[in-house]
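Given next, in structure tokens, is a single chain: the form predicted on its own.
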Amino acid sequence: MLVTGGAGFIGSTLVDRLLGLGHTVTVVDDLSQGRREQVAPGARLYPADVAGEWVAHIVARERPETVVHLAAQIEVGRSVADPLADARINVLGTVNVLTAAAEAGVRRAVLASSGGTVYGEASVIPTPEDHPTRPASPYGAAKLALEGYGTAFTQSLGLPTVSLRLANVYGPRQSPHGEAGVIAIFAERLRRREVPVVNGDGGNTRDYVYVDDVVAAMVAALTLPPDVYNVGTGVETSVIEIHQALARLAGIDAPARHGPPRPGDLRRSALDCRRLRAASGWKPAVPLAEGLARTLAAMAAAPPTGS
């Protein structure tokens, strides 16, 4: 098994699970966002760029049965500021990985797509997979292209590919820096006894799914028919509700500070995951309240991070 981005938040959690299931695991990660210390000792780590020439050599050498492609540029704002850099990692990197996998005779690829950014402002909430896709950012367009390449490689090169449209994933190991991961950002600021900043009125909703549930979906994807599947809870939770819940858990009685709304932010997002449940029996197992408590406890136990 080869996991790109396996030193990151979701990737390292997946690597732990795969090792626990008895798989031999190889990780490819350029360590620009991932952390070497998060890669379990039982996995082999190659520090490499997924868009670079070394990927083909690594895949040919390791000959994995399955590739799970998680490596990505994850910030929507950065994709708007520099679409070419985003496309290099998120589009060309995907094509590079899939090409290497097809040439090495890999039996299956699992790709991490994005629920909210692929659908854009959806007219149906929770949103099913057959809803029109209207990406409003280069990041969303790149993730939609990732799915298209997956389908093309399945049909033209015989590489079965599953694309998972992830909702807003949260949990231990998520970085509190950058724009991704409002739960990690709020939890870190509350840990420092600082007042979190809510963009806009805080009424924007998202579908927050705990990382262990996402990893369980990725394990299920190892045997699913090639297709696109949503991975979420189907439940909308507003940003201000997230702040209130975390503040209660942290024992802090202080309102959030409101800043200007972030341009291009979706107002509502939640995913209909009945296709995945019908195909595999998967369903989220960790309620939001429990996941928030686990996340806050993990962050409290970790050493303070720099900004």
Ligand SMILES: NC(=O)c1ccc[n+]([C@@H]2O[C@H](COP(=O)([O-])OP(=O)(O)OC[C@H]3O[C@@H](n4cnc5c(N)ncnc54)[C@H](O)[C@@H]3O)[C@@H](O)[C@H]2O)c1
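Counting begins at 1, following the sequence as shown. Model, not experiment: these values are computed from the prediction.
There is also a form predicted together with this ligand; it is not shown, and the following applies to it.
Residue in contact with this ligand in the predicted complex (any heavy atom within 4.5 Å), chosen from I183, A142, V169, V162: V169. L31 is the sole member of A254, L249, L31, A279 with a non-hydrogen atom lying within 4.5 angstroms of this ligand in the predicted complex. In short, of 22-30, 260-268, 236-244, 60-68 it is 22-30 that has heavy atoms within 4.5 Å of this ligand in the predicted complex. Although this ligand is omitted here, in the predicted complex all of G5, G8 and S113 have a heavy atom within 4.5 Å of it. Contact between I89 and this ligand in the predicted complex is found at the 4.5 Å heavy atom cutoff. Heavy atoms of V118 never reach within 4.5 Å of this ligand in the predicted complex, leaving it off the interface. For A48, a non-hydrogen atom is located within 4.5 Å of this ligand in the predicted complex, even though that partner is not displayed. Remark: A187 does not count among the residues lining this ligand in the predicted complex, judged by a heavy atom distance of 4.5 Å or less.
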